[in-house]
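The chain that follows stands alone, in the form predicted on its own, written as structure tokens.
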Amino acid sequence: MRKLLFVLGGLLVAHLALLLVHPAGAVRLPDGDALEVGVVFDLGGRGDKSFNDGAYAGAMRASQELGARVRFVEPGEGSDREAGLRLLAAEGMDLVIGVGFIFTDDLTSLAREYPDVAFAGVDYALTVDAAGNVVAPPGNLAALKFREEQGSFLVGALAALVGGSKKVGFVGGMDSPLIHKFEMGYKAGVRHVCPDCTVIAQYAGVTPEAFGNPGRGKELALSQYQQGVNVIYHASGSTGLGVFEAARTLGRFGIGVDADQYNEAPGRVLTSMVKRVDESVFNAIQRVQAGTFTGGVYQFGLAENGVGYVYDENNRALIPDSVHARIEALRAEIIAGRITVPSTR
């Protein structure tokens, strides 16, 4: 039986059968064979109401629509994550996917070590060589990338237009190039509609653990609210739960990330910048099933419905019709290429 394995971090605890792999880069499943999907969550695990839950939703969609059999594993220490990836590659799985930029080095190394296994990395971090050229991933590794800066631009504009203050806030998790994309897009959106607004940006830490510290998130948010900020956008995993707690405490607003986080603070979540991790996960599974999987860089932005923002019955009363119309106009301009959103500092 052919197997499709997704690894999102952590040590796989079940033994899996050795499978055949086609060496040409495209994986083909014999007729009648079911996909087997293994999901090992990134730091924070399932229930983070954010990144990991998005991956869970994508895998479950594959289970329902494609008949995939899915197993989920919670994350362990960094060495466990590498060991889990290696175990699956050594057993000759058709596709091994790490979800989270912290898997980049391990995926790159293993893809070269196991050229007959297909790999993919959600938020895979592309590197630049000495000449300034982007280094392509190995030919059997698909880099699943998001244009987080585009969705962040829209929620930044929204925060400035309805926040009622010339100060807006940003709380990041790990101070890293990936989270800088959220920050820079957000700042660009704020300043596009309010050139004299100030963005207070702070980070919870410099290690991956910064994505799992709600106490630190609350501390940073309280400080920003006390400086006159009314709206804070977080890109910090479960650390952002502390931002929402501070918003509830002081009667201010937060902006969620990755998934719709309205239920974390009903009435206090202005919107959420949704990042369709579920779509990228499902898309990769679907391509394996169709025999069209290849390595390379896959981008998910506004045009691909890979990022966006929440506007529904829960937050509609917080966003005037005129503001919503302007945000939609900005969205159309970004898709058309008339607005270029920065992604680096």
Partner chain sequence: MILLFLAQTLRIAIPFLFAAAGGALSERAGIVALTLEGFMLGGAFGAVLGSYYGGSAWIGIAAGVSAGMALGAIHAVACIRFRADQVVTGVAINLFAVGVTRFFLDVAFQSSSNSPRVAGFGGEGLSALTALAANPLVWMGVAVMPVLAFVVARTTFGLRVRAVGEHPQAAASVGVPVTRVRYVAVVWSGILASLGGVYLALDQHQFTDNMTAGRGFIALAAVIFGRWHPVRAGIACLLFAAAETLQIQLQAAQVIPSQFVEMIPYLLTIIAVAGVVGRSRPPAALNQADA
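Keep in mind it's a predicted model, so treat the numbers as computed, not measured. Residue numbers count along the first chain shown, from 1.
Only in words, not in the display: the form predicted in complex with its partner chain, which the text now covers.
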item	value
Non-hydrogen atom within 4.5 Å of its partner chain in the predicted complex for each of G44, E74 and L220	yes
Partner-facing stretch of 44-52, 313-321, 277-285, 59-67, counted where any non-hydrogen atom is within 4.5 angstroms of its partner chain in the predicted complex	44-52
Residue (of H192, K166, R112, R248) lying close to its partner chain in the predicted complex, criterion heavy atoms within 4.5 Å	R248
Residue (of A259, L144, V162, L241) lying close to its partner chain in the predicted complex, criterion heavy atoms within 4.5 Å	L241
Contact test in the predicted complex: V206 vs its partner chain, heavy atoms, 4.5 Å	yes
A201: touches its partner chain in the predicted complex, heavy atom cutoff 4.5 angstroms	yes
Non-hydrogen atom contact Q226 with its partner chain in the predicted complex at 4.5 angstroms	yes
Its partner chain contact at G212 in the predicted complex, heavy atom, 4.5 Å	yes
Within 4.5 Å of its partner chain in the predicted complex: residues from 150-183 (heavy atom criterion)	D175
